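One chain comes next, on its own, written out as structure tokens in the form predicted on its own.
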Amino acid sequence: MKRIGSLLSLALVIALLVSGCTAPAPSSTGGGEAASAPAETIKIGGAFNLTGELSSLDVPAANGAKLALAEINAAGGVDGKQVELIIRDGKTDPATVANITTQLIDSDKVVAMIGFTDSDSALAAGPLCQEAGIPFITAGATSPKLPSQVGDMMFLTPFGDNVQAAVGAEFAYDRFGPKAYLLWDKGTEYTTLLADYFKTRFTELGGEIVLEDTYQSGDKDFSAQIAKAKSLGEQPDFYYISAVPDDIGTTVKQFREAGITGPIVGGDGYDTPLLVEVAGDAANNVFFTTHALMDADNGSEAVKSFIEAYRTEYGHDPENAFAALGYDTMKLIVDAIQRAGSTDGAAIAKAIEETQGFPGVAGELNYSASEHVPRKGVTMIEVKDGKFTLAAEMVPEKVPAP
């Protein structure tokens, strides 16, 4: 018995020594050094489609958010607390999007969420955030219907599709003429809404849709649609094609190879390196609406500074304007938490609604209790010699109702 007692005493001493010498596991802040992070952080969910057909938009958006986070934490975080961005991959799959959103809310205990550049993913995640009372700001989803579909916890950083479609219609009508061909992907919320808003504004201007056609997401052969277009007795003044990033390069290339050389116009789904990478020289004479021109020489001063910081962080220029939107979204949510003086969801949402004159890289941000989609100007891009160049900066004369 005496020996057993001695062994127990020795075991107790060893346990106490080990307990006293073991360092706590480091906490990642997403932007600072893990070893220097405070014990308590403010957790924000980052839901992005890092893989799948939307990755060419979401990866830059996530990188922009991480760059903003690094700057925020380097400046002291929020009231001395570091901010942690927990990024999870939705894989461009609605079921996975719902799963990671639930994980961010229930397991990771985030106080707010940012992410996604498409409306379908935002629609899959938004109601879960709404139910949990978690503010969610999209970093690129452009459906102006999202706040009314989801609720008062849903906000957009970009303009709405009705705004960019109106600009596309007004620009093309004035520059190319009153006769348009319209092709749209019927498989996504974004492409469906964009086409509808474009048609509404274009016909209001006196324009005529000489042929309207559709395709299904995932289609890679557009020969049937092209044959219908070529069968027209007279070709239209331009071709408006509402497509997602993974399709547009293929679509443009096939239209050009079939001998259709007229201007092709579209929305911010074209703002991807895939357009030129896939279409090559066929991408010339393509025009699209987006959020800002990512040009170190001709962009705004805010854009130039952002490009320099992004290049320093990642070794290359921003891939598209969605990098700037991700950056703006991260800055906005942290600014709202700072002004709210709280991590309560309702308080954060109220602070976002009170945001006025927030200086985003991709445009100034203003919100109110009745407007969760910011009113912003639109950048029109022209592809010349494989490069994105500025065609116009516009505010539409009239915007279709959401």
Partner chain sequence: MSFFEYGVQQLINALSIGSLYALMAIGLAMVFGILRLINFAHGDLMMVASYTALFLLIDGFPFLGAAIVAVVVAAIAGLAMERVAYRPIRGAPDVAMLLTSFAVTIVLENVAVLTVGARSRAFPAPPFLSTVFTLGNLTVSSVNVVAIVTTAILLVLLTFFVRRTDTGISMRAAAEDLVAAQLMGININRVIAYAFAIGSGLAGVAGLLWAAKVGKVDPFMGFSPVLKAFIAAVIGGFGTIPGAVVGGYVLGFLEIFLQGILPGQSSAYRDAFVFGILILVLLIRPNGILGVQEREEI
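Numbering follows the first chain given and starts at 1. These numbers were taken from a predicted model, which means no experiment stands behind them.
Beyond the structure shown, there is the form predicted in complex with the partner chain, which is absent from this document and is the topic of what follows.
For the chain shown alone, Thr312 is not a contact residue for the partner chain in the predicted complex, no non-hydrogen atom being within 4.5 angstroms. Among heavy atoms of Gly52, some come within 4.5 Å of the partner chain in the predicted complex. When contacts are judged by a 4.5 Å heavy atom cut-off, Ser300 does not count as touching the partner chain in the predicted complex. The closest heavy atom approach of Asp281 to the partner chain in the predicted complex falls outside 4.5 Å. Residues with any non-hydrogen atom within 4.5 angstroms of the partner chain in the predicted complex fall in just one of 252-260, 284-292, 151-159, 74-82: 252-260. Highlighted residues Lys186, Asp219 and Glu277: every one comes within 4.5 Å of the partner chain in the predicted complex, counting any heavy atom. Asp213 is the sole member of Glu204, Glu208, Glu308, Asp213 with a non-hydrogen atom within 4.5 Å of the partner chain in the predicted complex. Contact residues in stretch 315-338 (any heavy atom within 4.5 Å of the partner chain, taken in the predicted complex) are His316, Glu319.
Figure legend: C-alpha atoms of Phe306 and Glu277, shown here, are separated by at least 3 angstroms less in the predicted complex. Annotation for the pair Thr272/Leu54: C-alpha atoms recede from each other in the predicted complex, by 3 Å or more compared with this form.
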